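Starting off, we have a lone chain in the form predicted on its own, written out as structure tokens.
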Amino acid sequence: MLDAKTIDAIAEEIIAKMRAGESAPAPAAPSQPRRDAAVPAQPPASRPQGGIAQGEMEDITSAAHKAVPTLRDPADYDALIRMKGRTSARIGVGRCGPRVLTQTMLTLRADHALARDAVFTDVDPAFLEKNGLFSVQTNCADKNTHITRPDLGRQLSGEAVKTIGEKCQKNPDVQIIVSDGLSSKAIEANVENALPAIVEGLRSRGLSVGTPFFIRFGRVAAEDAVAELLGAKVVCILIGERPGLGTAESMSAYICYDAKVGQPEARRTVVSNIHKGGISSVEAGAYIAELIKKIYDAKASGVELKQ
């Protein structure tokens, strides 16, 4: 074992070398980039490459950022770019030994943070007011209960039943509901454009539309209780889907004819993947209106619609 005097001498020698290194000129930059550097693979000079203005901060969760491969020296760069343009999956990702690059890890962590925010934050009340949606709540008392007790998210609270009964039109052809589900960000990103497109599309097809409203802490089957309460022939709930690492803003529409509490899920018709990287909200709204008219005329939804 080294004594204290020897340890002090070794420490002084290390400090002296560090000070000498600080005053020494910096070594010349290597001619080749480091293989573990967290930078995208450089395309040939003939290919245009995007960038950001000086002083701006790049959004590492943006589609443009993710579209740049981090795989070095791909056999066919153009083919890789075309593949990345068709999917949000993480392909063309480079590695340094067994680990992913720093850039990839930072993007993963940023996407995970967006997903958590989508689940654990509430829809802004100002957004609901702007879109003319009054709010009611299920039997979930808080966000933790909403996540851990899906059964309570399917049930309307007593106060909700009273409010809906007072404010909503009875016996409409179609009743539209908006709910946070598992992504508040999906609602804020899509409803403003999708909801008017659905309402106008239905009215232009001669269907009466009930009073749209918002259900906080809701699950899909909450629409069944609303349909029974209001006597709606068709009910449609626009709800935030469970976010992933591809997007935290995906919304779906679940549509059902003559919905009843406790019915099988197979009776629902679903339009999913509504977000800026999937079906745009305006396009989805127009399609949903057309689909609801088809369901209304056929008096069937889900698997029954195809029989």
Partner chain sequence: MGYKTLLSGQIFTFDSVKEVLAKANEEKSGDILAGVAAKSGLERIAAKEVLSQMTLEELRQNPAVPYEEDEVTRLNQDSINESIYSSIKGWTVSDLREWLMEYTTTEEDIRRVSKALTAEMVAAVAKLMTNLDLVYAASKIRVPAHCNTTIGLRGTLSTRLQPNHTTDNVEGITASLFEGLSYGCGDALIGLNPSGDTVASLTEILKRFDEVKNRFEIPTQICVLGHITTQLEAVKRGAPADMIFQSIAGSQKGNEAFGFTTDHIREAMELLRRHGTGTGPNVMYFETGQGSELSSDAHYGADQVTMEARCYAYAREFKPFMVNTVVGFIGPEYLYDSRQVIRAGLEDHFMGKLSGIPMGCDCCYTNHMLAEQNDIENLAMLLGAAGANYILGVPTSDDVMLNYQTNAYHDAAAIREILGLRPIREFDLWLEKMGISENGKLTGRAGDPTIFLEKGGRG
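Fair warning: this is a prediction, and the values are worked out from it, not measured in the lab. Positions refer to the first chain, counted from 1. For clarity, a rigid core is taken as the largest C-alpha set superposing within 1.5 Å between two forms.
The protein also exists as the form predicted in complex with its partner chain; that form is not presented, and the subsequent description refers to it.
| request: Decide whether R149 counts as a contact residue for its partner chain in the predicted bound form under a heavy atom distance cut-off of 4.5 Å. | output: Close contact exists here: in the predicted bound form, R149 approaches its partner chain to within 4.5 Å, heavy atoms only.
| Is there a heavy atom of T87 lying 4.5 Å or less from a heavy atom of its partner chain in the predicted bound form? | Heavy-atom contact with its partner chain at 4.5 Å: present for T87.
| task | May I ask you to state whether G158 is within 4.5 Å of its partner chain in the predicted bound form, using heavy atom distances? | result | No, G158 sits far enough from its partner chain in the predicted bound form that none of its heavy atoms falls within 4.5 Å.
| Taking the shortest heavy atom distance, is F127 within 4.5 Å of its partner chain in the predicted bound form? | Output for F127 is no: heavy atoms all beyond 4.5 Å of its partner chain.
| Does the trio M83, G94 and R109 actually contact its partner chain in the predicted bound form, every residue with a heavy atom within 4.5 Å? | All of them do, each having a heavy atom within 4.5 Å of the partner.
| query | Which single stretch, out of 220 to 228, 204 to 212, 168 to 176, 95 to 103, brings residue heavy atoms within 4.5 Å of its partner chain in the predicted bound form? | reply | So the stretch in question is 95 to 103.
| Of the options A189, V199, V123, L182, which one has a non-hydrogen atom that comes within 4.5 Å of its partner chain in the predicted bound form? | Looking at the other structure, the residue within range turns out to be L182.
| query | Within 243 to 261, which residues come within 4.5 Å of its partner chain in the predicted bound form, counting heavy atoms only? | reply | Heavy-atom contacts within 4.5 Å come from P243, G244, L245.
| message | Does P150 shift between the shown form and the other one by 2 angstroms or more at the C-alpha, the core having been superposed? | response | The answer is no, as the C-alpha of P150 shifts between the shown form and the other one by less than 2 Å after core alignment.
| message | Taking the rigid core as the reference frame, tell me whether E159 has a CA displacement of 2 angstroms or more between the shown form and the other one. | response | No, the C-alpha position differs by under 2 Å between the shown form and the other one.
| For E200, is the C-alpha shift between the shown form and the other one 2 Å or more after core superposition? | No; E200 is a residue whose C-alpha shifts by less than 2 Å between the shown form and the other one when the cores are overlaid.
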